[in-house]
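A lone chain, given as structure tokens: the form predicted on its own.
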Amino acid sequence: MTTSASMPTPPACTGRVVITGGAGFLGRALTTAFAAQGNPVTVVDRSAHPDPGIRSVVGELTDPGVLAEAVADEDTAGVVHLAAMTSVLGSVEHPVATYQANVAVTQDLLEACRQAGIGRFIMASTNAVIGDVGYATVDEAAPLHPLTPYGASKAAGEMLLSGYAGAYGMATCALRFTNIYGPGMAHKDSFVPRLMRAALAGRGVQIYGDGLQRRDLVHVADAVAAVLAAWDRRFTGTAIIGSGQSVTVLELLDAVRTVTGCALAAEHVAAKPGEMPAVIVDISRAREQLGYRPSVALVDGLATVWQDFAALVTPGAGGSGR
């Protein structure tokens, strides 16, 4: 799904939005944003959304009954599909389960939308569909070359979206997010939350390799803005959503030290096999076709995460962040 087209911006659609994975980190932020602009929301997840005013469908999307219930409302205008198996290492260990959760579910959900006359479909994708390109800057024209079952499953999902757009006129888009961070991620085990838990506990952190790996981090507020823009514009195609400003792991560590005021001693350990040396992305298409303008600087964004952790996580409570 490497081509794109954008319809003229219509009035904001106030129909119901189905958000799969809506009880998760990005899902909760999107639920709040859609509800704030007048869209009723249905969350489909393994657990109910904490707001009892949000309609929740609880269960696995591999269950045909759950999938049918997800799109049952007559006022449903579209789907934002976030639910997926996202562990790269987990996909290597469980390729069949990854296919079922990420490819078969996407196909079934698209078909359910087609049969119900639901015309919008946004899927969270990843730059892992491109594979390892070293320090090259990635844009949407890069050929698909996934190196793991996870990356392959997302590439397959992008092809399904393209097929349904071409054959049935659905507005389908894949947003390839870089590393999303922000308030609400205290339960996660990615690098930013690990840094925050270490700062709260007054301990050091492990850095894989020399720490010169480059990463693009995008604040959850900017990720939400991109989804809303794709929804309102009925964008069809693929767009990379990131900050457009990659930093090294060591630079990220220094930024967290600045925000937290903690020393955060670093211990360098052997790099994990297969770790990407860099994620450097070109966000020109998102700027031009979505009007996307990432607005949260890294230090400011990390400050929002630190405030969230300081309020939610008790030092010495095991560092779970739950």
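One-based numbering along the sequence shown. For clarity, every value in this text was computed on a predicted model and none was experimentally measured.
Just so it is clear, the following notes concern the form predicted together with a small molecule, a form of the same protein that is not shown.
A heavy atom within 4.5 Å of the small molecule in the model of the complex is found for one listed residue only; from L26, V296, L67, I280, this is L26.
Think of it this way: in the model of the complex, the small molecule has a heavy atom of just one of A84, L195, A225, I118 within 4.5 Å, and the residue is A84.
Among residues of the shown chain, I240 is not one whose heavy atoms approach the small molecule to within 4.5 Å in the model of the complex. The small molecule is not drawn, but in the model of the complex it has no heavy atom within 4.5 Å of T236. With a 4.5 Å cutoff on heavy atoms, T106 does not count as touching the small molecule in the model of the complex; it lies far away. Mapping the unseen interface onto this chain, S246 falls outside it, with no heavy atom inside 4.5 Å of the small molecule in the model of the complex. Heavy atoms within 4.5 Å of the small molecule in the model of the complex belong, among the stretches 156-164, 177-185, 207-215, 133-141, to residues of 177-185. Using a 4.5 Å cut-off to the small molecule in the model of the complex, each of D45, T126 and Y150 places a heavy atom inside that distance.
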